[in-house]
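To begin, one chain is listed below as structure tokens, in the form predicted alone.
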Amino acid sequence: MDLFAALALQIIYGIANLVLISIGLAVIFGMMRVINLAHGEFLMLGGYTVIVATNNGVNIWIAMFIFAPLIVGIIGLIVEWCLIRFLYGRMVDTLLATWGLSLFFIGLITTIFGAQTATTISPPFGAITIGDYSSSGYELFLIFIAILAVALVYLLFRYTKLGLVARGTMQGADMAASLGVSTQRVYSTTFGIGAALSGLAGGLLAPITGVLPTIGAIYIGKAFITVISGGTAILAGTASASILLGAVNGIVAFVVGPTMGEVALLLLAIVLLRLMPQGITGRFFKRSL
């Protein structure tokens, strides 16, 4: 029974991890249809923000929940203003531009901090005991944060004026513009929100994963697999794909090993897209957010 509880906790944490690294991309790619290959670097920048801030005496919670999303959100706004706004509707050009942007961020951070892992910070909570097994209390905290993040993003895009205008603009920009909506401002704000969510996730994961300039490559594949497998509904799709992929990844990793867990995740995503080309929410939860 203790083994089952410990395994269940690890599987749920794996699901929460996928939600955290994917939710920012779900907004930028799933909602805005912008292929952002610099998404992993947004997560990386959030991690470095927390490391630098805490090393300079900033409280870790302030660094994670204020500095990381704020700074990466501002970077996202600058990227949208200087680059992305000229490429809407040109997916191949956007792909190439954001790939170049990711290389720029990697080179810049490597120049400033070096190619090695940055000074790490310890997770804020200690271990928790489950019978003969132990798990990280911080992982349990991240599960709660992932649920809270999904709930807050749902409330933002479902019930606030900003969210309703953003959703309407993405579905019909010409109609929104004819009604007096500044579509460019909506695009900028939405992109900034997606970047801020990515920065928040990167900051929260920094105590567990550590931070180095190329860590974005670890994040980007899982994030795209999750969002694409989920389909067009940004939250229902991300949540459902995270649950399915995270559960399979966790179970296979426990039975065979972590490498085979990653392989199983990729194979399952391929099967899902073969059976459901429009993603999970292309067949289920079609009217969900």
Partner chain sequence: MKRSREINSLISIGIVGLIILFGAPLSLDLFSVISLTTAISLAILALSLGLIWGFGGILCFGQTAFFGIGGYAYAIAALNFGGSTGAIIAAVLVAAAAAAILGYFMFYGRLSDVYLAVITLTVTLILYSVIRRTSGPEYKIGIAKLGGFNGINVPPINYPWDATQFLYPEHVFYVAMVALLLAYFLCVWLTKSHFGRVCVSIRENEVRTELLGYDIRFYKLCMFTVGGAIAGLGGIMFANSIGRITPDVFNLYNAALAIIWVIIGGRGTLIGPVFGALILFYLTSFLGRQAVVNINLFLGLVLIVFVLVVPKGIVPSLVELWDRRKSRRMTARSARRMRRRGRSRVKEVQVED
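Keep in mind the model is a prediction, meaning the values are calculated, not measured. Residue numbers count along the first chain shown, from 1.
Not on display, but discussed next: the form predicted together with the partner chain.
Ile251, Ile60, Val263, Ile243 - the one with a heavy atom within 4.5 Å of the partner chain in the predicted complex: Going through each option in turn, the one that passes is Val263.
Candidate from Thr209, Ser188, Thr110, Ser135 lying within 4.5 Å of the partner chain in the predicted complex - any heavy atom: For this set of options, the contacting one is Thr110.
Exercise: Gly126 in contact with the partner chain in the predicted complex, heavy atom 4.5 Å: No, Gly126 is distant from the partner.
Exercise: Leu103 in contact with the partner chain in the predicted complex, heavy atom 4.5 Å: Leu103: yes, in contact with the partner chain in the predicted complex.
Contact label in the predicted complex: Leu96 to the partner chain, heavy atom within 4.5 Å: Within the cut-off, so yes.
Distance check, Asn55 to the partner chain in the predicted complex, heavy atom within 4.5 Å: No.
Option from 167-175, 83-91, 69-77, 196-204 whose residues, in the predicted complex, bring a heavy atom within 4.5 Å of the partner chain: Only one stretch passes the 4.5 Å heavy-atom test: 83-91.
Partner contacts for 230-259, taking the partner chain in the predicted complex and a 4.5 Å heavy atom cut-off: Those in contact are Pro258, Thr259.
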